Structure formats: structure tokens, C-alpha cells
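Next up is one chain by itself, shown in C-alpha cells, the form predicted on its own.
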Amino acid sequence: MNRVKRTLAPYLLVLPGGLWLLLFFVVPMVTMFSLSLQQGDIVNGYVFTGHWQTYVDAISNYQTQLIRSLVYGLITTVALVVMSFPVAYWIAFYGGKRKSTYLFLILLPFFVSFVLRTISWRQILTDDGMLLHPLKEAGLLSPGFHILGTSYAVIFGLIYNFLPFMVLPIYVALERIDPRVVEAARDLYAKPLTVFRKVVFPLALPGVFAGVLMTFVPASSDYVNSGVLGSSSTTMIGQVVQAQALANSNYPMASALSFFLMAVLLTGVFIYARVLGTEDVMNAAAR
């Protein structure tokens, strides 16, 4: 009896999580894939016909928005790694007793709605807002200079909104590093750059790995920042999906775009994990 309990225990532990994934991930994905191959309209209903042409139309008609979304997501992720690592490093090694305070300040914007924060930045970045207007009045910027409605504004909004998702995983990984390991490298006369490259960064790889996953996927599929801070020339694939589903009621097209985007992102994640080496990441996390 005890042997049976020991055998079933691991499966019972993963059962709640497995059911959750089944109900709220697998079932919706299968439903969305099925809907993407249906034909019809919202009045007469949709019928499954195996209409693969929807995917062909989705890719050919919206490839620009798809590529733009992936590029924005990639730029955002790289910028977040560069910006977040020094912040997380300083908090982990020099934050002292105020580490919790610094982390709280990073998370503080999350107490305000994602949409409201983005709208606030729209007011700041307008041509007559508190940022650009004084600079134009002082002659530091030309009267025609503007940020709102450009790719820079959209990428800035993505970086601002997803910054904590990169800082926190890197901080957790850095916090686990034994300071004696860093001291040992310095005692062996390793230069600061060598210590970082050979000791600190490899041990922080699990945090970087998690941070990239937590930022690249949602940033690439985001539609709020491009809708609020961008223009028609910065439309991302998330906006197209929203318009097809809510404005045009073209559910097969919206489902095809969503499923294709998910497939592209998952492929990118698997390639990233393969190149980085998940085994190396796990070994670093176990140290």
C-alpha cells in the first residue's frame, strides 16, 4: 500500500497544475485552431471545413505587422537585458538592508493599471506635454520634433511596462550567488570584467533565461502600447487580432493570426533555449 502511495504521489502533486493547463491552455488552443479552419459568419454561424487558405491570407496580408511585432519584441528584450542587469546587480550586491525597498519601488507602478500607465505616458510624450514642450520653448528641439506615434514611443512603452519582468528574475539569480565565489575570483587577480564574464554572468543565466521568456513573448504580442503610443505606421499583430475579432467579427482570421503568432514565438523560444543550452542553465541554477 505504501509503495502504491509513493508511486502515485508525484502524479497527484502535478494533477492540479495539469488540469489547469488542460482546461485553460490546451482546450482553448485546440478550440482556436479548430475555429481558424472554419468558414461562415457571425449571423449564420461557422462550420469546420478545413479551410487552410485562411492561414495563407493571414500571412500574406499581415506579414508586415507580424515582422514588426517580432522586431519590436526583440529590440525591447535586448534593451531590457542591458538595462535590467546593472539594476539587479546593484540591488543584489549593494542594496544592503534596503533591498526590499528597492524591489518595492520597481514593482510600485504595477499598483496602477497597465492601460492607465500607458495613457499617462501618452500625455507626457505629446508635442505640448511636460517633456517636449519646455525643450522646444528653450530651442533645444525643433518645433517639428515629435516622439508620439513613432516606433520609438512604442518601444519605450514596451520597455517601461515590462521592465520588472526582467529585473526580478535576474535579481533572484544574482541573489543566489555566493559572494565568496566572487571574492575568490578577485583573490586570484581576475579583472572585474573577467569576474563578470566568467563567474557572475554564467551564474545569472537562469535569471536572464527566465526574463527573456517573460518579456519577449508578451512584448511581441502586445497591442496596448502600439495602440496608445503608436500610429497606423506602428501597428502590431496584436492590434490586427483585436480588430479582426472585435471590430470585424472575423473569428477564423483572428484565430489563424493568433495561432500562427503563438507557433512563431514558441519556435523562437525553443531555438533560443537550444542555442543557450537549457542544460547549462539548469546546471548554473543548481550551483
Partner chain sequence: MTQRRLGRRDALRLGGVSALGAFLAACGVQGKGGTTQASVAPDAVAKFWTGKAKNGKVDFANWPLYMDPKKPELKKFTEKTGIQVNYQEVIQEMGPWFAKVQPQLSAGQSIGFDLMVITNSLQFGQFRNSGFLAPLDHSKLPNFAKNAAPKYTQEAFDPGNVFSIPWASGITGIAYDPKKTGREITKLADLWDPAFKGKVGMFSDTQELANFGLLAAGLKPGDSGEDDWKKAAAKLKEQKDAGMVRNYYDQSYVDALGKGEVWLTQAWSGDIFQKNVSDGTNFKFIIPEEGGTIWTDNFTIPVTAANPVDAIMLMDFFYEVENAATLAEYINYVCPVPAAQAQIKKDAAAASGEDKTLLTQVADSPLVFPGDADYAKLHYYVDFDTAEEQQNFASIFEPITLS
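Positions refer to the first chain, counted from 1. Everything numeric in this text was worked out from a predicted model, so none of it was measured. Rigid core: the largest C-alpha set superposing within 1.5 Å between the two forms.
Below: the form predicted together with its partner chain, not depicted.
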(request) Choose one stretch from 194 to 202, 144 to 152, 107 to 115, 76 to 84: the one whose residues place a heavy atom within 4.5 angstroms of its partner chain in the predicted bound form. (result) 144 to 152
(message) So, residue 44 and its partner chain: in the predicted bound form, are they within 4.5 Å at any heavy atom pair?
(response) yes
(message) Taking its partner chain as it sits in the predicted bound form, is residue 246 near enough to touch it, meaning that at least one heavy atom pair lies within 4.5 angstroms?
(response) yes
(message) Given that its partner chain is not shown alongside this chain, does residue 35 nevertheless sit within 4.5 Å of it in the predicted bound form, heavy atom to heavy atom?
(response) yes
(message) My question is simply whether residue 101 lines the interface with its partner chain in the predicted bound form - judged by any non-hydrogen atom within 4.5 Å.
(response) no
(request) Only one of 67, 59, 262, 30 comes within 4.5 Å of its partner chain in the predicted bound form by heavy atoms, so just point that one out. (result) 30
(request) Note that its partner chain is not shown here; using its position in the predicted bound form, name the residues of 113 to 129 with a heavy atom within 4.5 Å of it, in sequence order. (result) 122, 123, 126, 127, 128
(message) Would residue 14 count as moving between the shown form and the other one, using a Cα shift of 2 angstroms or more after superposing the core as the test?
(response) yes
